[in-house]
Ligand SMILES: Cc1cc2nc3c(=O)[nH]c(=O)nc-3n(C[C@H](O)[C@H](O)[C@H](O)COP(=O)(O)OP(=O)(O)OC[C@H]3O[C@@H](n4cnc5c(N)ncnc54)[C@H](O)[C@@H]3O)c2cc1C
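A single chain comes next, written as structure tokens; it is the form predicted on its own.
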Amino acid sequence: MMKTHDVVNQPPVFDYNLFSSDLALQHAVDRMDAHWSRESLLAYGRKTGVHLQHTGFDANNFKPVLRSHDRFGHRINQVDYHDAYHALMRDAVEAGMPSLPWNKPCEGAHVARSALVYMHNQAESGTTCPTTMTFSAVPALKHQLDVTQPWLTGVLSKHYDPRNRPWYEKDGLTIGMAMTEKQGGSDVRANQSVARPIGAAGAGKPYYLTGHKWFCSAPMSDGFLVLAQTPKGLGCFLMPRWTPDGELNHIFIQRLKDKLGNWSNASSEIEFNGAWSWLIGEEGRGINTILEMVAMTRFDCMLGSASLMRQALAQALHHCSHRDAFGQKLTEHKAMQNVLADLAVESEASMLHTMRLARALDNINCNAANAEHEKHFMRLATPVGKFWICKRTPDMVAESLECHGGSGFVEESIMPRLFRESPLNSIWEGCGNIQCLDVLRAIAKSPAAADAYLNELDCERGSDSRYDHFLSQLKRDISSSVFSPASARALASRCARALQAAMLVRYGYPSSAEYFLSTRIAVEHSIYGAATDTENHYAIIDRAIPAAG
């Protein structure tokens, strides 16, 4: 065989521990009272960085398949997943991604669970959706314990049970949600699905649901939280895949969505015709009931986007630290250093922003002395973070992909998958405009939320004159008595930049904080790699490069 070339100047295989190689994440876990979880996070970091990285490719290369009928013609509504999907789900459930803070409500529990999600999502994003919905359903299910107690036992189990069986025959349960309809999208008040009581109406009573849902992800979940119209307005219902009598419920999967990304996770259109369900909470209070779930899923959207940033950054850093061009490693070129340092600071700021909210959830869950402050802080910080972090992710991932050149555009790399995933969290659970309008609503209708948010920012006043000036202007903006929807994005952006600056000053590395202040506070950030002061770039890059092994 003729030897035409040697394989040189290519980076080595990239297997690494996602926790031990991420100094910023370790620092956040320690500073936010989750140091007790280090051993388990180290073990999961090794698993996600080596085994699950490879498993994630199979889960996405072999997409879920709908089998609406069996070979005899019986309607079965079965979605078949590749074994890799089940392996990822099993590891996530056993690690406690859907259950840890609810089973162990202590200081740092939400932070530890967030670190697990942060690493798992870097290996594979599709399985984060069903585990997130299961995790987020817990507060809503607690509204009706007379019905949901057996469900909570299964949801909080650390056993993954993928069998298509009635919930009372299984060792572990997953929960989905179905709110969106064709005609309404985010406007759930326009929903047309209707609920009819089987006997007496009221909280905890059984109803028949008839209608459709335009998006229902993870359709093989054991139960779904669904919004449907009652005589008193929208109600929130728990709709099981199987009826209490052991029959398949009247839920019909019409088709699976052919999505841009998130391929391992089945998303479907469903119809239900007289589907057995229980009312969770009161008739007409469905939005209030399910919003507790939505608040948690929005948090996980932020977390998922931050983790995509980290994985994109890690891949770019690995490639650039091993690739020579024009007589130097790419990481030694000033122009590339500027880009990589900018990406590293973006990743660190987004992670700290999200972990601060996880810390707030811990304080609320543990009834800490500042729990009331944290509730008000979360009311504004959640839509701010959901908008900003998710909106920043596609540009950040695209820039990271470009660092690879043509190799990053090839499907053998993880970069195309990360790029396909990057817009998703901005769309799910309320797109950007919905979040920004919610920011205006929180400021206008919940003055305590604005006060708590500004008090959080005030803690870093005096640390830097640029920050102080920015904060003073933000306070004037928030105190304005007139809010225009046209300015909602601008205000939400300033709220996000202020909080990320504060988190970097408080929890981050000084060089990262300085870079952020100079490129996002002193001026409006326009494009990655546009900073003029390059003094601290290599220190930022060197700290962010993940060590292989």
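Here the structure is a predicted model, which is why all the values come from computation and not from measurement. From 1 onward, residues are counted along the sequence shown.
There is another form of this protein, the form predicted in complex with the named molecule, and it is not shown here; the text below is about that form.
Contact with the named molecule in the model of the complex, judged as any non-hydrogen atom within 4.5 angstroms, is confined among 82-90, 456-464, 259-267, 136-144 to 259-267.
Contact check for residue 355: no non-hydrogen atom falls within 4.5 Å of the named molecule in the model of the complex. Although the partner is absent here, residue 217 lies within 4.5 Å of the named molecule in the model of the complex, judged by heavy atoms.
Looking at residue 427, you'd find a heavy atom of it within 4.5 angstroms of the named molecule in the model of the complex. Shown alone here, residue 179 lies within 4.5 Å of the named molecule in the model of the complex, counting heavy atoms only. 431 is the sole member of 431, 156, 364, 194 with a non-hydrogen atom lying within 4.5 angstroms of the named molecule in the model of the complex. Of the candidates 394, 105, 185, 166, 185 is the one whose heavy atoms come within 4.5 Å of the named molecule in the model of the complex; the others do not.
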